[in-house]
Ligand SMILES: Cc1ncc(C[n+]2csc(CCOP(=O)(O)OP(=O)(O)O)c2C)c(N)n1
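Just one chain is shown here, as structure tokens, and it is the form predicted alone.
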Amino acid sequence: MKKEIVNKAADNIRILAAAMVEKAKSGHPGGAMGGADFINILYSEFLNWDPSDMSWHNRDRFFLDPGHMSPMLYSILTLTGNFTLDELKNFRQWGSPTPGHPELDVKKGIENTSGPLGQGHTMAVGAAIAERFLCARFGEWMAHKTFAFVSDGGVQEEISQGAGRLAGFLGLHNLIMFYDSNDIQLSTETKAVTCENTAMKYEAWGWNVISINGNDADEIRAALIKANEEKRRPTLILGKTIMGKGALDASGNSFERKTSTHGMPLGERCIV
């Protein structure tokens, strides 16, 4: 498929994410816009699942750690037919199937309830352990992949440290995690909070680490191919992404990489 078509699909995710936050007048558009390229490639080219049978046992699992990036997940699941535009319009409204932080609903494509950062990371490790147990007990015909998406804040949580160490020690090669490293957190740049070398940390725990431009479809695809070929270790794809990718202010200037896009609507300050 031509790269421009792939990028337009990711742009659709960005537009839907920004629009639902704008409609609700609350939410987190920036991270969802930056992570759209990865989620687009994962769901369209790599995730083994059946949209007509979301509870198929041997499906690949996707765990979203930063629940505040739910607009990204709801957008891709809308494009696959699991949510409607009317449901997106009710984002963050009482009783809506599209709450601000996703809640477990396998038939809709939501594999985990996520809120506290680090929780999705740990759930993904648990699911990968369960898959290895099932294969050891019943055979490799039950094999499938577990994918996870984690943010800057997620890898800082102590619960992630324990899960990461365990995954590396157990050699969970069926686990592939994308680290959305956009250098922005809720109220400040990430560098004001931490200066650790995340790649070296996961390598020390026994992970296979691949560093890429997380907004480049070709690099994302190549990394996922390598990760799927890995037979000894879990893989961390460290993707440098752009917070609020595609956002422009009213004058047509870039409104990307702004802390303000992390946790509030884009509003009149910019357009997409």
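Just count from 1 along the sequence shown to find any residue number. Keep in mind that this is a model prediction, so the values were computed, not measured.
The following text describes the form predicted together with this ligand, which does not appear among the structures shown.
This ligand is not shown here, and in the predicted bound form it never comes within 4.5 Å of any heavy atom of residue 198. Within 4.5 Å of any heavy atom of this ligand in the predicted bound form lies no heavy atom of residue 234. Residue 123 falls outside the set of residues with a heavy atom inside 4.5 Å of this ligand in the predicted bound form. At least one heavy atom of residue 31 is located within 4.5 Å of this ligand in the predicted bound form. Though this ligand is absent from this view, in the predicted bound form it lies within 4.5 Å of a heavy atom of just one residue from 98, 151, 146, 75, which is 151. Checked against this ligand in the predicted bound form, the residues 69, 39, 247, 224 give one hit for a heavy atom within 4.5 Å, which is 69. For the three marked residues, 61, 168 and 230, no heavy atom of any sits within 4.5 Å of this ligand in the predicted bound form. Residue heavy atoms within 4.5 Å of this ligand in the predicted bound form occur in exactly one stretch of 87-95, 128-136, 169-177, 113-121, and that stretch is 113-121. Counting a residue when any of its non-hydrogen atoms is within 4.5 Å of this ligand in the predicted bound form, the hits in 181-196 run 182, 184, 185, 186.
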